[in-house]
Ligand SMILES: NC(=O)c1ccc[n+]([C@@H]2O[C@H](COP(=O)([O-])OP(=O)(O)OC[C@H]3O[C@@H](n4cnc5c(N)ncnc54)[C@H](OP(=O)(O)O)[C@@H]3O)[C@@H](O)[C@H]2O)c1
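Coming up is one lone chain in structure tokens, specifically the form predicted on its own.
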């Protein structure tokens, strides 16, 4: 089992929902954590929670869909951490609407954030992992990236693209001792899901919780370095 204490992790979209749950799970394992997001107050509050576990916790507020902001802030975060071992590409947005009814700008922004944002961040982190000849990248897709549904064309297109990019990267960097995992969870009672009306705050017994997602990531990271969780789907036991 791989020891996680004292490793350094970067989590995008880390101030709430799945990202925050993952950051807290990391801190409990003794992992130093850098989180990103667009809400500085939420980032500050989450960092304060993380520091209670005795780890180094930092943040940067920026939009992953802007490459110049990504370049500047990822460099600064890695410099502050002193190294990088784990990247969790979690930042993402969603909206529902038919292909014909959704505004072009909104459709494009979903692709820009969910696909290009993941690409930008990974592009800036990857050279550091290659230089170490070791690392882990966890890319968050969705079951919406496995099957399209009515009114999810933009979100599904973005998450299908994430799977393709992630699986290709996995095959590129295995030779560098870098494990790339593609996660495709079904509905989780995250802040985003609740805001979209597809999950409820009171659904703890029937819908997956962010902590379940975080536990899956921890389990994958703890595998011996010879083993890699390349793909994983997380489903509720309740139909």
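A quick note: this is a predicted structure, and the numbers were derived from the prediction, not measured. Numbering follows the first chain given and starts at 1.
Just so it is clear, the following notes concern the form predicted together with the named molecule, a form of the same protein that is not shown.
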query: Check all three, 64, 90 and 192, heavy atom within 4.5 Å of the named molecule in the model of the complex; finding: yes
query: Interface segment, criterion being heavy atoms within 4.5 Å of the named molecule in the model of the complex, picked from 76 to 84, 146 to 154, 130 to 138, 90 to 98; finding: 90 to 98
query: Of 187, 56, 206, 177, the one that lies within 4.5 Å of the named molecule in the model of the complex (heavy atoms); finding: 187
query: Contact of residue 22 with the named molecule in the model of the complex (heavy atom, 4.5 Å); finding: no
query: 4.5 Å heavy atom contact, residue 18 and the named molecule in the model of the complex; finding: yes
query: 4.5 angstroms heavy atom contact with the named molecule in the model of the complex for residue 122; finding: no
query: Proximity of residue 38 to the named molecule in the model of the complex, heavy atoms at 4.5 Å; finding: yes
